[in-house]
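Two separate entries follow, structure 1 and structure 2, each one form of the same protein chain as structure tokens.
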Structure 1
């Protein structure tokens, strides 16, 4: 049997934890396109992704996930559509401790839904911080339907990242099964 590859996009606002998410789970040294930040207004951290992050995880002998992390800054959003091409699912990472980014996260979610009608999950990152919003409150703030999977996440924790990826993978495989049954 041939190995199936699944392209997954990890997206979200600036500093939501996308690079850390890919870094935590990738079995290869991730390809990162980080550059120094010159704007003082964005100096929450020292670097930002300018093109993409790339990682890979082998689920089993038959399945490999390719992870593509997007840039979070709007000035690099031209990469979003390129990275979305061929994706079978996506993860929107939300910084649970920065409510000022929630609107941006919702806008990014809607943008990626417009690119392709693929399964997705919302991962509430930074749940290990004392000021992180509870999932129920975050769902209300993001105006998400109850049927949208929202999962707790700590992007630097491999098990947490694995749980988010598995939930998305279950949704993707369910979608593939439905498509095969309708043929």
Structure 2
């Protein structure tokens, strides 16, 4: 039998922690294509992920989960669309300590939601930082619907990454239940 592959997309603004997130839970080191960044605003980090972060979690011979991190810059939109195709769901990472990126996070979220109406969760990353916003405040800043899950996250802590991924999977189950009821 052929191995079934399913995918979850990890998105969010530049520097939110996507690469770190994928790396924390993946069996293989994410394939990174780092490249120098030109614009001033992006000098915050020496390099950025131009291709995508790619992680894998093997369930067994028949089933593999792929995690795809999106490149954080909007000029790669066309790749997002391809990524979004057929995904089980997506995770939006937000850098809780950088409110200047919240607007961008919201717009990324809306873009993905329009690409594919799959379940998603929002992970408030970098909760270990002292100036991280609290979840309740973040929820208001991001204008999140009350029924959307917002989860605390520290991307280099595997347990926390696991929790985010599991919550997304629970949301997917809930959605299947809902669909069943509506028939």
Partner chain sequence: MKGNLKDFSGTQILNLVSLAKRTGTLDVRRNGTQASLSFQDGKLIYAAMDDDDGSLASVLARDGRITREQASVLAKRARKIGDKQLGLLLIQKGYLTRADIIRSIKKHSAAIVKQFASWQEGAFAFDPGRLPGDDRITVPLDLENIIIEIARVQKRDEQLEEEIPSLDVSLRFVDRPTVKLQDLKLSRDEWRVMKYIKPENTIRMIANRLNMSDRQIRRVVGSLREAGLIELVRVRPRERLTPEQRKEKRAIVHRLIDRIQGIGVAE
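What you are looking at is a predicted structure, and each value in this text was computed from that prediction instead of being measured. Rigid core here is just the name for the largest C-alpha set that superposes within 1.5 Å across the two forms. Numbering follows the first chain given and starts at 1.
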The chain seen in the form predicted in complex with its partner chain is the one numbered 2
Is residue 169 one of the residues whose C-alpha moves 2 Å or more between the two structures after the core fit?
no
